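Take a look at this one chain, the form predicted on its own, written out in structure tokens.
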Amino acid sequence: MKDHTFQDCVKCTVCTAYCPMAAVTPFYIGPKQAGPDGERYRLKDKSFYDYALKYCLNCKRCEVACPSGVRIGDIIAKAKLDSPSFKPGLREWVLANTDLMGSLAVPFSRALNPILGLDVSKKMMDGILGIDHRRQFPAYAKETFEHWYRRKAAKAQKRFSKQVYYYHGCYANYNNPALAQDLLKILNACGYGVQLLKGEKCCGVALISNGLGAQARRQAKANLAALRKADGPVLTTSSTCTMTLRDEYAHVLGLDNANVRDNITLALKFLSEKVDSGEIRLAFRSDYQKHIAYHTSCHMERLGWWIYSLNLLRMIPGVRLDVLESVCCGISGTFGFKKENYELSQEIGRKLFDQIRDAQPEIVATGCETCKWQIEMSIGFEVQNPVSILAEALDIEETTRLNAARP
């Protein structure tokens, strides 16, 4: 396979035309200049163009647009990790260590969630950590998905002859276990048992973007070890986790994931392909009626897998579906939490917000958890992963019956 490096850049600047950051601030010189052009200079002097790297959202839209297949976002991400100018502080450490913060927060979530929502708490985080006081933190669950799974679901999974593995990620584990539970409900109805990976860690995308490269590599190695033990498909519910596991480990962290990469896939892609091939059948509730607007997250755009979400949503008879123009929501993981980035984050997301307001859907569907946070906080529309929409729309008993009758 050809290594699409900065040397393949033909300087057409299409990436800059597609860059959401370059459109809202003159201080970002653009992905071509910060990426391939800058890399030529950084080979001689690592500090060259450093000031521009902090503006990159790692949205990968430049890579989607590039006619030469240059991994522009990866070049910038690697340059940030290698730069002596980027020194992560306490704020970056707190925002990036999602496993630690989640494991500490969940046992005290009943008290912690209201505290995080207080104006005085937000102002303290603004002043002490530089986390913008206007940003709302996602609520923590009362119980992790892993704990619920061991307590309620693990034993039942063994009765299925067909098995898949599930990489749940931090969000489904600490913030929204209902998403993971919805996936189990669907897969069980389709005749599949679900196993968890042993030793799973956060995918590390926040560590990469916040300059904590050494820790990102340690966690990536732990995940690769867990993935190599899986003897079936590994399904995911987060577009960002999926892209990180499949692409960032090799391209940014320099870790060999070739023997597991193709085994990792979005649950919606897995389900859509199984339905299309006739291996599973879905039955839907006759009383499910919803107006849904679908937002293609940046990393879903990079994967090129949004079509599988749309395919499944269009199967639901009671769904009226609006497909929004694919634009960046602006949050970019932890980027939009930082005080100096908040206004840029909101300005980038404005085009998406306007589309949603115009559509006036009952639900916005997207495969990215941080897009959910940005949309719900900024304009107040309910956002769900298509997995949860599918779980609500399915006639579980009939779907179970249809798939149990199949050879």
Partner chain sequence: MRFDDIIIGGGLSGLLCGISLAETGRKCLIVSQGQSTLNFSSGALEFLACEEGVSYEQALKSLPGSHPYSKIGAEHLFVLRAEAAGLFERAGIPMRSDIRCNHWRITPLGVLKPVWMSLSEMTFFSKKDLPEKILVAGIKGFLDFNASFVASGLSEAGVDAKVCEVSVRELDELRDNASEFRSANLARALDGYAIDRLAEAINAESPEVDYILLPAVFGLENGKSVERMLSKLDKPAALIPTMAPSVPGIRLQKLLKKRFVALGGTFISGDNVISAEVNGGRIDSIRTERHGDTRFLAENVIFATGSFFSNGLKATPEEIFEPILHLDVDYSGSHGDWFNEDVYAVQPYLSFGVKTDDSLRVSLGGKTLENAWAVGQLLSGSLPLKSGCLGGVSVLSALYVAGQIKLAAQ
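This structure is a prediction, so every number in the text was calculated from the model and none was measured. Residue numbers count along the first chain shown, from 1.
What follows is about the form predicted in complex with the partner chain, which we do not show.
Chemist: Out of 132, 247, 200, 146, which one falls within 4.5 Å of the partner chain in the predicted complex, going by heavy atoms?
Modeler: None of the other options qualify; the answer is 247.
Chemist: Which residue among 368, 56, 348, 66 has a heavy atom within 4.5 angstroms of the partner chain in the predicted complex?
Modeler: It is 66 that has a heavy atom within 4.5 Å of the partner.
Chemist: Answer yes if any heavy atom of residue 41 is within 4.5 Å of a heavy atom of the partner chain in the predicted complex; otherwise answer no.
Modeler: Residue-level check for residue 41: no, no contact with the partner chain.
Chemist: Taking the shortest heavy atom distance, is residue 302 within 4.5 Å of the partner chain in the predicted complex?
Modeler: Contact check for residue 302: yes, within 4.5 Å of the partner chain in the predicted complex.
Chemist: Residue-level contact is defined here as any heavy atom of the residue lying within 4.5 Å of the partner chain in the predicted complex; does residue 387 satisfy this criterion?
Modeler: No.
Chemist: Using a 4.5 Å heavy atom cut-off, state whether residue 344 contacts the partner chain in the predicted complex.
Modeler: Output for residue 344 is no: heavy atoms all beyond 4.5 Å of the partner chain.
Chemist: Pick from 334-342, 358-366, 377-385, 32-40: which stretch has non-hydrogen atoms within 4.5 Å of the partner chain in the predicted complex?
Modeler: The contacting stretch here is 32-40.
Chemist: So which bits of 9-31 sit within 4.5 Å of the partner chain in the predicted complex, heavy atoms only?
Modeler: The stretch touches the partner through 10, 11, 12, 13, 14, 16, 17, 18, 19, 22, 23, 26, 27, 29.
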